[in-house]
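One chain is shown next in structure tokens, namely the form predicted on its own.
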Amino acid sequence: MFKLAERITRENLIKNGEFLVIGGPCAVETEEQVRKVASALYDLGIKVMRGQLWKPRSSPDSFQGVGLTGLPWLQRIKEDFGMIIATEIVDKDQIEPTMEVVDVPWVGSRNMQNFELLKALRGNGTDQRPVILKRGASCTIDEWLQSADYIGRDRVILCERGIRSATDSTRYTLDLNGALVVKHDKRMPVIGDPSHPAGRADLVPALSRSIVAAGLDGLVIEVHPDPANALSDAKQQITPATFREVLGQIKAVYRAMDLSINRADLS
């Protein structure tokens, strides 16, 4: 089997003057669901799809993901749509069975300080796939960077996804200040997640625009064909139609800033 992982590097995804857009559902639920999203992303020129097979949840009664059952579904999406697949890895034992399908391993907020997982993702130095590392909800910038060091900073793409704060009006607080510190002071690539800080779909477009206007390197946004019936994070996922509108808004922001958004093919 040809391994896309052999040619996907951080430099392929994060380029000067381009903006990385990753879309997809909070969790893989069925093959029909992920194919609908993949088709919509493909039509919009999006090349990277998020598809979480495992979902670490606060309640044991919540949907935990389909696990390896969904891996062949993602493989067929790669073959049929040419998608780059980004998937959250929640345990070191999941790395080996997914590595031929998953191009961009992903460490979620809850596992940012799961150091055994981070060390396993570093491996023996031969795997150069980029790793998205989300910031822990209560973690400092220094702790975030130290976690990146376990994997290797040259492979890591940091993702600001909101932190706990005094506000109780939204799920989290999008910390653009912190994201800009690690981007400019530490010279790290940083993307933003508008879905989790909002916790509600109607705020996602505005937060997406703020991520672009701040000058971050990209964003990852949750897109579901039927958000009302999603098995996880139903309130914050947007439809493909809304996603199309958001991409148009992103393009307008980039035009106003005289920047390029070639990665999303929106020029």
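Just so we're clear, the structure is a prediction, and the values are computed from it rather than from any experiment. Start at 1 and count along the sequence shown; that's the residue number.
In what follows, reference is made to the form predicted together with a small molecule, a form of this protein that is not presented.
K.L.:
Considering non-hydrogen atoms and a 4.5 Å limit, which listed residue (K55, K47, R209, K36) is close to the small molecule in the predicted bound form?
P.N.:
When the small molecule is considered in the predicted bound form, the option within 4.5 Å is K55.
K.L.:
Using a 4.5 Å cut on heavy atoms, which of K78, R110, K186, R122 is close to the small molecule in the predicted bound form?
P.N.:
Selected residue: R110.
K.L.:
Do V66 and the small molecule come within 4.5 Å of each other in the predicted bound form, heavy atoms counted?
P.N.:
Residue-level check for V66: no, no contact with the small molecule.
K.L.:
Spell out, yes or no, whether the shortest heavy atom distance between W73 and the small molecule in the predicted bound form is within 4.5 Å.
P.N.:
The answer is no: W73 has no heavy atom within 4.5 Å of the small molecule.
K.L.:
Does the 4.5 Å heavy atom contact test between E31 and the small molecule in the predicted bound form come out positive?
P.N.:
Although the small molecule is absent here, E31 would stay clear of it in the predicted bound form, with no heavy atoms inside 4.5 Å.
K.L.:
Please check if A198 has a heavy atom lying within 4.5 Å of any heavy atom of the small molecule in the predicted bound form.
P.N.:
Judged by the heavy-atom cut-off of 4.5 Å, A198 is well away from the small molecule in the predicted bound form.
K.L.:
In terms of non-hydrogen atoms within 4.5 angstroms, which of the given stretches 102-110, 178-186, 148-156, 78-86 touches the small molecule in the predicted bound form?
P.N.:
Comparing against the small molecule in the predicted bound form, the contact stretch is 102-110.
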